[in-house]
Ligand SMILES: C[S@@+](CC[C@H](N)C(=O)[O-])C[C@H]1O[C@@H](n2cnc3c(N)ncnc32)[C@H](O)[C@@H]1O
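One chain comes next, on its own, written as structure tokens: the form predicted on its own.
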Amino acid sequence: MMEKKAIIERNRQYWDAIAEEYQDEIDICVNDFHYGPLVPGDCDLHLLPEDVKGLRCYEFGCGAAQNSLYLASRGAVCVASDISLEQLEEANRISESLNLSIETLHMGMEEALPDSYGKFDLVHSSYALAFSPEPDKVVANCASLLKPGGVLLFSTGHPLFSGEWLMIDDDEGLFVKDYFQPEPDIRYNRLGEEVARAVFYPIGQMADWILNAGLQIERIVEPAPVKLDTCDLEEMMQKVPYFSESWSEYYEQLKHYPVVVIFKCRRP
């Protein structure tokens, strides 16, 4: 089994290599807070604090930091980190074009922030935790960053998304081989070599990470996709804060099971 440090380094290489292509192919808006592909943003789900003006916010695994930029546009003070320097360069380019200010840090989500950053009102992440070889450690680190009453809000891959969509006897549905050991989402290069993987976990196991870190779970959300049946491509892009044409091909399947699970947690 690959060592944790090697997995983290492989993640860095993977996201550095695809950063520009990823940002070109995936439409991630900064006018809403996104949780994952095809699902509603926070303007519909209402999981963020109602007023974020002046709140100190930290995003781990930020990519190009669109969620931090959304919060900054509403007056939050934002710090965002990612393992990929190329992704952070995309974040800085977007922030400059929008005349928004956020602080970006080049570091893995498993690393602890320096004590000088103090505590935060909100720690958040969208679909980054699945790539960490130490997700329980990441959750514990996030809990330690929160002020009393602070919120940890993150989405990650839903364990049912590890299943396979099959047609059987003129009907179709999801086949899950083993819910307790979900199949990972393995990414390959053109040579067929594994370059990254997103790992799924049972919801109860993830809840234990949160509770063991001393946090309270306020909500667990398994969002259905935005209704796109009657939309053309342009309308889809306006309704969904994280969208691509390739993801839209999964829409008929994702009407029947969630692609992400969202946890909203609070430090007592």
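Quantities reported herein were computed from a predicted structural model and do not represent experimental measurements. For every residue, the number given is its place in the sequence shown, counted from 1.
Below, we refer to the form predicted together with the ligand, which is not included among the displayed structures.
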Segment assignment from 175-183, 105-113, 162-170, 71-79: heavy atom within 4.5 Å of the ligand in the predicted bound form:
105-113
If we test each of C142, L122, A91, I83 for a heavy atom within 4.5 Å of the ligand in the predicted bound form, the one that passes is I83
Quick one: does T156 come within 4.5 Å of the ligand in the predicted bound form, counting heavy atoms only?
no
So, Y257 and the ligand: in the predicted bound form, are they within 4.5 Å at any heavy atom pair?
no
How about A128: is it within 4.5 Å of the ligand in the predicted bound form, going by heavy atoms?
yes
With the cut-off set at 4.5 Å between non-hydrogen atoms, does G41 touch the ligand in the predicted bound form?
no
Which residues from 52-88 come close to the ligand in the predicted bound form, meaning a heavy atom within 4.5 Å?
E59, G61, C62, G63, Q66, D82, I83, S84, Q87
